[in-house]
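To begin, one chain is listed below as structure tokens, in the form predicted alone.
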């Protein structure tokens, strides 16, 4: 298995549209959650969310943008930053040894709804247009990136619910490690899908409805008063390279990926058992152990703020790591839950903390719930040198994925 390095990061999110802005948001507890008028107009109980703001994509080019839905545009902006951040020459991607793996939960779902609405209103298929097909397909982000950048290797999307972003990074790691590719743009992306998906969560009572007048306090992972996740959108893209490829061109990596695990509860579509999460963390830890990792300093946990999953995560961490546990926080209190992008977003947040030697706290964790006690929650910014860090995610259907990074 070849060694794999993270050499570039790119991000579009509710807390910033580039890594420098995101870094400041993490350090300063700058929330991206805000009041969303459309949610109120649609009759939601919850009126808050995390939206991408002030993203300029005109530089991509009008012709290229014609085939891109918002999810593809988010991914393109993030991928461009990742390539520039890695100082990779664009020609290096125009190769069968380059790949793209960008997952999403819903793809360009709004484009499908838009096409259906136009057809119903006009009864004229010509008004639907020809580009709506590629804007709406599930692989729209990955395929548009490949066409735009000239990538000739493996290009596809995958979906494992809210573990999608982490699994895409893990899959890219395995491809490069096994020699299938030398360089890969990977991560996750999702655009707001209020009409198609968010309504279901609101209908379940799965999003906070009592803090519409104070959006920044709505998402409260592990807190006694938590009511559920606040949804958001965006894209997170990592550029991965084999160690030899990166060193030959003089790259300055953020980290080495030393562990990845993925597993399913095999239990229930809605209620997690914890067995899959335990297994995927064990897989990642076993791989990390083979690379010499003996201790995890920090875990960016999934931490959505749900009544069911938060205590389950805490139980799994206690059982696997004992007391004291690694430092634990959830960044969803700041950035929200970006669905298929959340695993990639949180991998990037974790990598920024690793490089800059700090741990962002769990925002709004004011009173730790009794069923979430027993681990080392971070409730205020900590300046700590970090050597090995973990990020894990879980999703509907029992999906679980875990990544471990260490300083290069």
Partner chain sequence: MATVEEQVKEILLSILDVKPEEIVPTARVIEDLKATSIDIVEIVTALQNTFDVNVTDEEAGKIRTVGDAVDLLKAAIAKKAAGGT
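Positions refer to the first chain, counted from 1. Source: prediction; values computed, not measured.
The same protein has a further form, the form predicted together with its partner chain, not shown here; the description that follows concerns it.
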| item | value |
| --- | --- |
| Heavy atom distance at most 4.5 Å to its partner chain in the predicted bound form, all of 63, 66 and 132 | yes |
| Per-stretch contact check against its partner chain in the predicted bound form, the hit in 362-370, 55-63, 341-349, 34-42 (non-hydrogen atom, 4.5 angstroms) | 55-63 |
| 4.5 angstroms heavy atom contact with its partner chain in the predicted bound form for residue 127 | yes |
